[in-house]
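First, one chain by itself: the form predicted alone, in structure tokens.
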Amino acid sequence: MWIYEKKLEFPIKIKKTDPALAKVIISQFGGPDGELAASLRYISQRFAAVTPESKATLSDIGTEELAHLEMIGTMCRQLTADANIDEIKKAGFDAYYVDHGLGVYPASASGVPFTAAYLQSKGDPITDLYEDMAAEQKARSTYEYLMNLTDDPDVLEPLRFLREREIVHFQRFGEALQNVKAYMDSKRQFVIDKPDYMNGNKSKCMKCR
């Protein structure tokens, strides 16, 4: 169960209309390395988590990604809310406008609608966590690319905040990976009950003694 707090994780107050910028920022809403894919990835993977710590990490970060999705949607809306038709056409935002008006729709910067193929839930906790660490690095790169495309401080500040959160998430997934590896290794450790094990006595798992 989630409790919704009616405020953004980071304040967003964009004063300048810029549909061209919204056209690329939308990729972090519904693109291949965006926040929607991240949230669904982590919330799906949590069911196969093997330690309480890794499950909590996936739950926490998956939930925060929903907050980041809200931030990106807000940015796109504020960048386009007052755009006129000439601005929309000049920015190349007209194809999006025909399909979605000035609504926020999950798609990539190239216009490809969101697909679940962007995310993975393999069921192997170590594989999933490596996937998650890579996803956070790709998202960090995307935010840096977006920051290169604008000098508007009202846009740069939330993008900078989101980039920093990707770095923190990468670190937390790294900690979760070590936790899971330690757990998996402990399951493979065995001890011998008696010195005469060579004569047929079986070893027992440490957890079963």
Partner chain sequence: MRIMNTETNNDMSCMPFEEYIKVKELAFAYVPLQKICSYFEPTESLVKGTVFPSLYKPYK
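Residue numbers count along the first chain shown, from 1. These figures come from a predicted structure and were not determined experimentally.
What follows is about the form predicted in complex with its partner chain, which we do not show.
Of 133, 109, 88, 119, which one comes within 4.5 Å of its partner chain in the predicted bound form, counting heavy atoms only?
-> Selected residue: 133.
So in the predicted bound form, does any heavy atom of residue 49 sit within 4.5 Å of its partner chain?
-> No, no contact at 4.5 Å.
If you check in the predicted bound form, is residue 178 within 4.5 Å of its partner chain, heavy atoms only?
-> Yes, residue 178 sits close enough to its partner chain in the predicted bound form that at least one of its heavy atoms falls within 4.5 Å.
Give a yes or no for residue 81: in the predicted bound form, does one of its heavy atoms lie within 4.5 Å of a heavy atom belonging to its partner chain?
-> Contact check for residue 81: no, nothing within 4.5 Å of its partner chain in the predicted bound form.
Although its partner chain is absent from this view, report whether residue 161 comes within 4.5 Å of it in the predicted bound form, heavy atoms only.
-> Yes.
Counting only heavy atoms and a 4.5 Å cutoff, which of 144 to 152, 25 to 33, 39 to 47, 55 to 63 contacts its partner chain in the predicted bound form?
-> Of the stretches listed, the one contacting the partner is 144 to 152.
Could you run down 150 to 177 and flag each residue that has a heavy atom within 4.5 Å of its partner chain in the predicted bound form?
-> If the 4.5 Å heavy-atom criterion is applied to its partner chain in the predicted bound form, 150 to 177 yields 157, 160, 161, 163, 164, 165, 167, 168, 170, 171, 172, 174, 175, 177.
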